[in-house]
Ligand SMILES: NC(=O)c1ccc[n+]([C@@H]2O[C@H](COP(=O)([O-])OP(=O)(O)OC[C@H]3O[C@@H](n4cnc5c(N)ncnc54)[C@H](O)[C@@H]3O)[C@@H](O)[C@H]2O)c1
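Here you get one chain, nothing else, as C-alpha cells; it is the form predicted alone.
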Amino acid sequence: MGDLTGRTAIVTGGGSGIGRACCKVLAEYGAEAVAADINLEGAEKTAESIQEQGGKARAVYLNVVELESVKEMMEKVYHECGRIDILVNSAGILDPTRVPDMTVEKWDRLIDINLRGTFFCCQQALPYMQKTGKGAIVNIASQAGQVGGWMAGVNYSASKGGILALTKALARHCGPLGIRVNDVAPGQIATEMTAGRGDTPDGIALGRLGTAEDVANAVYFLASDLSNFCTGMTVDVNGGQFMRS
C-alpha cells in the first residue's frame, strides 16, 4: 500500500529544504517527483540528485503568488506526465518580524506566498486529480499555527493557522471526489530557512531538532495509500515539544 510507482507527485518549494526532502522520499517509493520552485536551479538540483539514485524526477518553474504560473505548471506537468496524483504544498517563507514592526508589505507578501499560494495550487490540481477519481494533497503547516510562533512573526503564525483551517475545509469539499487532504505541522526543523535562528532542543522530548527527512517521512505516509482513511488530519512532527490533549 505504500508503493507509489506510476504516480506523479508535485512538490512546491521542491528546490530546497523540506520540499527537496519530500521529493527524494516520494521518489524512493516509486513516484515521479516534480520539484516545482521559483528557484528553478534549486529544483533542477533536486531532480538531478534523484535521477542519479535511479529515481524519476523533473524540475519545473513555479511562482505560487501568480495564479497564471500555477495554472501553467499544472498544465505542463499533466501534459508531460499524463496524470497528477499527489500534491505537496511546501513552498513558503519565514519572517521573524514582530507586531510593532509589521508592515502591510511584509504581511501581504508572506500571506500571499504561504496561504494564498497553497490554496491556488490545491484549486488548480483538483481537476486533474478528478480525472483519475483519486488523489492526495499534503499541506505543510507548522506548530507556529497551533500555539503561536515564539521565533516566527505573527504573519507566519497566521499563515500556518490558515493552512490548518484550509486543510479541513478542503478535506470536506474533496472527500466526495475521492481526494484526501491532510497536513503536517513541523516543530523546530533544522533547514536552510531556519539556519542561524538559534534553535535549541530545549523542551523537545526527544532531545533534538527535527530534520527535513523527518517531515518528509510523515508526508509520504499521508501521500500513500497507507493513510487511505485519513483526511482533514494534522500530523505533528515536533519531537514531543507540543502534545495534544
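Owing to the predicted nature of the structure, the values given are computational and were not obtained by experimental measurement. In this text, residue numbers run from 1 along the sequence as written.
The form predicted together with the ligand exists for this protein as well; it is not shown, and the discussion that follows is about that form.
Inset, instruction - Consider Met193 of the chain shown here, and say whether it contacts the ligand in the predicted complex, taking contact as heavy atoms within 4.5 Å. - result: Contact check for Met193: yes, within 4.5 Å of the ligand in the predicted complex.
Inset, instruction - Decide whether Ala169 counts as a contact residue for the ligand in the predicted complex under a heavy atom distance cut-off of 4.5 Å. - result: Flag for Ala169 set to no.
Inset, instruction - Would you check, heavy atoms only and a 4.5 Å threshold, whether Ile86 touches the ligand in the predicted complex? - result: Ile86 lies outside the contact set for the ligand.
Legend entry - Gly135, heavy atom within 4.5 angstroms of the ligand in the predicted complex: Looking in the predicted complex, residue contacts with the ligand do not include Gly135, since no heavy atom lies within 4.5 Å.
Inset, instruction - Check each of Ile113, Cys81, Ala158, Leu126 and return the one that places a heavy atom within 4.5 angstroms of the ligand in the predicted complex. - result: Among Ile113, Cys81, Ala158, Leu126, a heavy atom within 4.5 Å of the ligand in the predicted complex occurs only for Ile113.
Inset, instruction - Please determine, with the chain shown alone, which of 174-182, 216-224, 51-59, 32-40 has non-hydrogen atoms within 4.5 Å of the ligand in the predicted complex. - result: Selected range: 32-40.
Inset, instruction - Taking only heavy atoms into account, state which residues of 137-167 are within 4.5 Å of the ligand in the predicted complex, ordered by sequence. - result: Stretch hits, in order: Ile140, Ala141, Ser142, Tyr156, Lys160.
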